[in-house]
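Next up is one chain by itself, shown in structure tokens, the form predicted on its own.
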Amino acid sequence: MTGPETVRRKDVRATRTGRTALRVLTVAGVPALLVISWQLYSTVSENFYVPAPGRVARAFAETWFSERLLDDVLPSLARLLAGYALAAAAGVGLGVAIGLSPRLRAAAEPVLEFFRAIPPPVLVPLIMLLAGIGDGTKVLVIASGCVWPILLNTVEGVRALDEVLSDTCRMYGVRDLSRLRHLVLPGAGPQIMAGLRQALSIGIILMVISEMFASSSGLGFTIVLFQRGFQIPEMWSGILLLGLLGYVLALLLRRLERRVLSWHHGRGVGRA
């Protein structure tokens, strides 16, 4: 006989299966629709510059599962991560200092607004003129664009700290590093993570742009090389690889955010 407990377990399994199927459909539905539309367009069109997804997939496997992985992809990732880490350290450090000091904030705000208004790609030729064309310059280019969203979001996060908590820390004598660790950084954490998310996409853009200028390796250089050689499927495969890298890095950053801000998302640390 089928008891109530067995029926309940079946209902739970069916519910979980339905949720999993819906989640997979939600995640894969739009990409699948885009690929189908791409295939239909390439079938009815004779446009040489829009190859079929199958040709791009073959070019992807042949191009990036080879020595180019070591010669182009890994150096690009290394420069991106180095520039991003440099921007994160500078942005958070300066942002905390500026946010905690009203006088420093009043003095620095016009300068920050001025540099924020300058599009980061415009500075690429200038930085290369001043610092050369080596890997260090590319890291500096990435850092120069990534630092602003991190810095400005950190300043706003520190400014928005709960005054009651600040007064409580002051009353209990929590100062200096303890106050920074237990109040300032956790309180500004959501804003800091928002700046880090914004900076990631800027970093990928600047990574590609910096490698298009006077470079002999990297994803940006290779994509331009394919374009100039009319290797269109290979060029599209490089663009696809950039999108996949951005997606994976964004997922990793999201997981880091959930762990760091587990208290903010209403989860326990053990379940983050």
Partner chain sequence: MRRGTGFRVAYGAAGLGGLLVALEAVSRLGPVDERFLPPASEILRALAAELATADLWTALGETMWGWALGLAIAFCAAVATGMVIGSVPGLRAATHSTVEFLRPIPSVALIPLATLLFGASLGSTLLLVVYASFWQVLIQVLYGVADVDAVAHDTARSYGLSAWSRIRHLVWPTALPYVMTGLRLAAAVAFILAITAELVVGSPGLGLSIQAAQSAGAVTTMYALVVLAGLVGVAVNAGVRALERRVLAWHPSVRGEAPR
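All values reported here derive from a predicted model rather than from experimental measurement. Take the two forms, find the largest set of C-alpha atoms that superpose within 1.5 Å, and that set is the rigid core. Residue numbers count along the first chain shown, from 1.
What follows is about the form predicted in complex with its partner chain, which we do not show.
S.K.: M171, L126, V164, L177: which sits within 4.5 Å of its partner chain in the model of the complex by any heavy atom?
M.R.: Here the answer is residue option L126.
S.K.: Spot the stretch among 97-105, 181-189, 71-79, 134-142 with residues whose non-hydrogen atoms come within 4.5 Å of its partner chain in the model of the complex.
M.R.: After filtering at 4.5 Å, what remains is 97-105.
S.K.: Does its partner chain get within 4.5 angstroms of any non-hydrogen atom of V30 in the model of the complex?
M.R.: Output for V30 is yes: heavy atoms within 4.5 Å of its partner chain.
S.K.: Answer for P53 alone: is it within 4.5 Å of its partner chain in the model of the complex, judged on heavy atom distances?
M.R.: Looking in the model of the complex, residue contacts with its partner chain do not include P53, since no heavy atom lies within 4.5 Å.
S.K.: I'd like to know if L40 sits close to its partner chain in the model of the complex, meaning any non-hydrogen atom pair within 4.5 angstroms.
M.R.: No.
S.K.: Please determine whether W236 contacts its partner chain in the model of the complex, using a 4.5 Å cut-off between heavy atoms.
M.R.: Although its partner chain is absent here, W236 would touch it in the model of the complex, with heavy atoms inside 4.5 Å.
S.K.: Report yes if all three of V35, A61 and F65 come within 4.5 Å of its partner chain in the model of the complex by some heavy atom, otherwise no.
M.R.: So, no: the whole triplet misses its partner chain.
S.K.: Could you list the residues in 107-129 that come within 4.5 Å of its partner chain in the model of the complex, counting only heavy atoms and keeping sequence order?
M.R.: Heavy-atom contacts to its partner chain in the model of the complex: A107, E109, P110, V111, E113, F114, F115, R116, A117, I118, P119, P120, P121, V122, P125, L126, M128, L129.
S.K.: Taking the rigid core as the superposition reference, indicate whether the CA of Y41 shifts 2 angstroms or more between the shown form and the other one.
M.R.: The answer is yes, as the C-alpha of Y41 shifts between the shown form and the other one by 2 Å or more after core alignment.
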